[in-house]
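A lone chain, given as structure tokens: the form predicted on its own.
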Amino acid sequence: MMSSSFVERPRYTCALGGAMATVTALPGAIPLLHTPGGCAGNITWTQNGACGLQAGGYCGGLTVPSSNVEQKDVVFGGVDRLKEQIGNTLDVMEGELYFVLTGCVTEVIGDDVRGVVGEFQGKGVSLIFAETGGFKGNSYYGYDQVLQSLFKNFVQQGVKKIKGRVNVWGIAPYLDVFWRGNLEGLRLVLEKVGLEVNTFFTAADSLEGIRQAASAELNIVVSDIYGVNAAAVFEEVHGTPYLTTSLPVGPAATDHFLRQVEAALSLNHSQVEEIIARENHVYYQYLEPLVDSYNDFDLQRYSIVVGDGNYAPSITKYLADDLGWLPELVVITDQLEDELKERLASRFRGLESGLQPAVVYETDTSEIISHFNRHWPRNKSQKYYNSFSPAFVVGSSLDRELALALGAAHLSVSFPVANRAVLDRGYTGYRGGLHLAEDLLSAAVANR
């Protein structure tokens, strides 16, 4: 077994990595790192480079401003260097919000970042910060910390609630490789039931919209684990309740998602059901032309799903309840406390298909094949050997080796994805379910 002191081929970076990606994705925001010089470059290629090739962006990736603290700053303190860098960034970089993010070194030496940020705020600069030392957690922790800082220090307090307005988060930019398309897919389905939607990170969002986020009557967190702590902070500061739900992929999950939102907001039941019926009709109209090929080519597959706490349950539900595949093993790759493991495990109980895949939690990539071998022993000497075929692995680009070992087709969906270029592709909602069916079936027949 692998040593518990490290994670072999992890599927995230440090807290700073997640924070930097999150700020980069905010409209008009400029991340400013208070770190040594190597942090931004290392994060760019190990994290964003594995995000469907989305390694750049304005003031993101290799162009992010940084204090680049050196040995003398560690000895005597890096406050003056940070002040200098903030001033230089304000002179050179055009932004609406400047966001200081701390790294391991500057947190260990105890630089008074709060005091420095306060000085500039006193001069009218739109500047906030988050403590995101890499040792505090992984990328998803950094995502949550940026949201918490926004909600405490940037979102306006005391604004009037507006009926029908909601905020949506739980999809970490870049760590969810399809974050743009997924957020836009959620906006689309929520707008169909008459809601005004603020998703924070898409081209349709703005910093002013984020500043007015407290006017929403409900926060919707499409995750059981990412952004939930931030939602609790938002409720404490702004009095807005929140709904947590799984990432809705395909018709079955999206039907359930809309009914949850309907109940939380007391929407018109008959109107919501009418929209659900219409969207299902459209979905199956698109899918119908493939049915004969699906049956004649025998495109049903045994499947293994490997992914984070958002994708593993959502993809599994889609495969079992919408596509008619047979998910046998689900591997969740996050480091989680027992309470969160149980929360995710509940998502696999009661699938409409009646299937019950084996669910394991594993952070070490090379151990996944061992979990599969225990679940599906491959003793070919048996008289009636049950081959795991035809098979499919839905995971990340790290799981291509697993697919090759099993003779299975493979599609990279969860982070990291280094073998696909991703622009606005998304898998949420009804249209996202069609995209996923298209990608899965295309991969299944790619070698015909």
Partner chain sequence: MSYFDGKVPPIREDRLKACITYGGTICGLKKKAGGCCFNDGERGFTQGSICLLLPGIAILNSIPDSVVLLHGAIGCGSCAHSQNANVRSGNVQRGGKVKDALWMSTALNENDVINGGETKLEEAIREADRRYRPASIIVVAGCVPGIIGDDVDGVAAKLQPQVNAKILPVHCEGFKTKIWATAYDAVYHALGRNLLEEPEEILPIIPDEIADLKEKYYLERTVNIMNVSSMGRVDELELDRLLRSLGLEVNFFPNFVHPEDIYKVTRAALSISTCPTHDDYFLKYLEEKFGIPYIARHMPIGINNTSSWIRDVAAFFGLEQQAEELIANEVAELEEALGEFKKVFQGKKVYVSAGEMRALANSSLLTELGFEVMGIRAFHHDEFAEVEYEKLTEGGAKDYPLNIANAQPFEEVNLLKRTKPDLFIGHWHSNTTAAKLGIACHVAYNTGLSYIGYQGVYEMARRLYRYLKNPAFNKKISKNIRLPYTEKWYESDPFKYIKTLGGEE
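All values derive from a computational prediction rather than experimental measurement. Numbering follows the first chain given and starts at 1.
Below, we turn to the form predicted together with its partner chain, even though it does not appear here.
The stretch among 81-89, 278-286, 171-179, 216-224 whose residues place heavy atoms within 4.5 Å of its partner chain in the predicted complex is 81-89. For a residue to qualify, one of its non-hydrogen atoms must sit within 4.5 Å of its partner chain in the predicted complex; all three of 14, 45 and 137 qualify.
Note on contacts: among 159, 105, 290, 228, the single residue with a heavy atom within 4.5 Å of its partner chain in the predicted complex is 105. Note on contacts: among 255, 235, 196, 364, the single residue with a heavy atom within 4.5 Å of its partner chain in the predicted complex is 364. Proximity of residue 58 to its partner chain in the predicted complex falls within the 4.5 Å heavy atom cutoff. Using a 4.5 angstroms limit between non-hydrogen atoms, residue 407 is distant from its partner chain in the predicted complex. Put simply, residue 30 is close to its partner chain in the predicted complex: some heavy atom of it is within 4.5 Å. In the predicted complex, none of the heavy atoms of residue 260 sits within 4.5 Å of a heavy atom of its partner chain.
Annotation for 39-77: interface residues with its partner chain in the predicted complex are 40, 41, 42, 44, 45, 46, 48, 49, 50, 55, 57, 58, 59, 62, 63, 64, 65, 66, 67, 68, 69, 70, 71, 72, 74 [heavy atom within 4.5 Å].
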